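Next comes just one chain, in structure tokens: the form predicted alone.
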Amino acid sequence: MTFERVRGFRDHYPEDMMPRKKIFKVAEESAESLGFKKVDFPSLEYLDLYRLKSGEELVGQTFSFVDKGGREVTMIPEATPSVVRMITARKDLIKPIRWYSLPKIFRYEEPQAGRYREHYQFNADIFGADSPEADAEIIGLAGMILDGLGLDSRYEIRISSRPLLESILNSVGCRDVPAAFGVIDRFRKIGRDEFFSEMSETGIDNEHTDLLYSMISRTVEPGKIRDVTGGFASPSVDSEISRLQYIGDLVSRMILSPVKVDLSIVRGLAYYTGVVFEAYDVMGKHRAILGGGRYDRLAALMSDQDIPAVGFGMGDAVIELLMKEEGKWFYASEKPLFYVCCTRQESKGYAFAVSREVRSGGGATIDDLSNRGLSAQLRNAAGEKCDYAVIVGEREERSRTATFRNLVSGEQKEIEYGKIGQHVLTLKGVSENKA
């Protein structure tokens, strides 16, 4: 009997886990460089947590079931509700709170390029700060991670503002702002005629719909927002434009790639209350790389606390596609990798002691676990993409030495046992593409 992988899920072999580890490392180090702290939470939550936050639409995409105690539970489809649950359970936390997490997320969606039914997702949130600086820090962190992965030439950050769009919609007589947001959210998936037709159902006449269509069709630098919003003017519109420009300026000081304003971005979930943003592949080959925004009312839905919040989520699937296209899907270890070859069974104990000394100097070791000949062991070392072979035999054990061979140049050097750790400290990985 053979078993296939469940549709929409992935196997991760070592050659993929190594570069994926780099994604996690860069994301975590970027977050911690800004004072964020890591949290974790269960992969299983009560289903009502998502009914409360996102409604039945998201619930329909969950892997949910009734457990043996008769409770409706689900594999988590996103991280935010769990984090907010943790925040509201503790009133002793000093605000603002900067937290990040790296869970697996489960959603029953149609699998496609860059989208699976299970994926790793990096999440970062700031709680307790309702300021444009907090918005900018979260957006800047997202860009810092992409910069750290060497993708600064492949992405741009696009920001928008739901309050700005709401002010504009109200100014043109919109009777149903949530419905209009839904139409704008699907702007790039529907034709012009359908856009006009659906907007008319929200009470907006064709003249103003034409202005809206022109506005959300253009992507501009933050300093030029008024170039696309010129047809709409009010004190609230002007205030939101100023805030968005300020946020864009701050973010541009944190990251390497461009920051643009794209007012077609509203983010489908209704709980967003302020700035929203996404990172896009500048070549237009993929769906959004990441996304997030301000959600100031979610804590109040789940508790008696009113805690402003802003955050984002970044899945690993689109990042993987981009890194492969850019030739960056490999993991070059910071530690040189040594294959410890032993030419006779009687010297295995000494070989293990040599391995310990190599590790004491900061190296990583693979000990040969067979009784094969030296040539076979060296072939295995090459197959493991090791930087060096450390050869131990009767002569080395008798003289209390070890022979170090550079597996790229072939250069060999015999090192005294007591100086192995010091010698390893002088070495660096010689392979730049081990995966």
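Note that residue numbering begins at 1 and tracks the sequence as displayed. What you are looking at is a predicted structure, and each value in this text was computed from that prediction instead of being measured.
Just so it is clear, the following notes concern the form predicted in complex with another copy of the chain, a form of the same protein that is not shown.
Residue contact with another copy of the chain in the model of the complex: R253 places a heavy atom within 4.5 Å of it.
Using a 4.5 angstroms limit between non-hydrogen atoms, E137 touches another copy of the chain in the model of the complex.
Of the heavy atoms in I289, none are within 4.5 Å of another copy of the chain in the model of the complex. Another copy of the chain is not drawn, but in the model of the complex it has a heavy atom within 4.5 Å of D367.
Against another copy of the chain in the model of the complex, the set F41, L49 and I94 is in full contact: each member has a heavy atom within 4.5 Å. With the partner removed from view, the residue among R218, K285, R297, K348 that has a non-hydrogen atom within 4.5 Å of another copy of the chain in the model of the complex turns out to be K348. Checked against another copy of the chain in the model of the complex, the candidates R267, R98, H208, K260 yield a single residue with a heavy atom inside 4.5 Å, and that residue is R98.
Remark: of stretches 68-76, 198-206, 153-161, 168-176, the one touching another copy of the chain in the model of the complex is 68-76 (heavy atom within 4.5 Å).
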